[in-house]
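Just the one chain here, the form predicted on its own, laid out as structure tokens.
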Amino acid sequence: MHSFSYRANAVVTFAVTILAVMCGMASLSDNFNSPSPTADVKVLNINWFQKQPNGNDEVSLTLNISADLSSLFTWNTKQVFVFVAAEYGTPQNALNQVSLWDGIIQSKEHAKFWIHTTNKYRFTDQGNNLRGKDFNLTLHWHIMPKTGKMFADKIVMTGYSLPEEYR
């Protein structure tokens, strides 16, 4: 006859195995979702463009950020971290990324948004490489699931440039 602890161990082991299989199936089911998010970021104004006392360039932008990220949400999505980055190249670095704005979307109801804002974080370059520089604005997102691996993607918007002179 089996003892109580032996039977409890068998039940708990079986329950944990079933839970692991269910989590694996849940994680795999997200692979069948093909999201189609849309986004548009516009630079409405360059508020100021100056050289800091330490020699670095700094820019303040007014942005219109509109996005529909509702297709990223499934039953397994806990939240989506989203941010807008300015991306440009310099002689020292092939790719520079500066985060301008970020947010956390916790539900599908809040995944369609429109924001009129200035950059939340400083758009600064180490040196004076921003004058006349072309740059891209990129909307990045990271999907944080309830179970399974994180997924990240982006939408790149091209055709932006900074003025040749400080303002």
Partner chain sequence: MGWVAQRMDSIPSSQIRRVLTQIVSLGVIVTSALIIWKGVTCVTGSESPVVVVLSGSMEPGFKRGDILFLQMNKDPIRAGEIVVFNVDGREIPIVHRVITVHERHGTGEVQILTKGDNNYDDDRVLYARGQLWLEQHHIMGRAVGFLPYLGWVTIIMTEKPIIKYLVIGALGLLIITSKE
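Numbering follows the first chain given and starts at 1. Bear in mind the structure is a predicted one, so any value in this text is a computation, not a measurement.
Missing here is the form predicted in complex with its partner chain; even so, the following discussion is about that form.
Exactly one of the stretches 30-38, 60-68, 43-51, 104-112 approaches its partner chain in the predicted bound form with heavy atoms within 4.5 Å, and it is 104-112. At a distance threshold of 4.5 angstroms between non-hydrogen atoms, M144 is in contact with its partner chain in the predicted bound form. Contact between K133 and its partner chain in the predicted bound form is not found at the 4.5 Å heavy atom cutoff. Proximity of F83 to its partner chain in the predicted bound form: non-hydrogen atoms within 4.5 Å are present.
Heavy atoms of N96 reach within 4.5 Å of its partner chain in the predicted bound form, making it an interface residue.
Proximity to its partner chain in the predicted bound form holds for all of C23, Q79 and Q126, with the criterion being a heavy atom within 4.5 Å.
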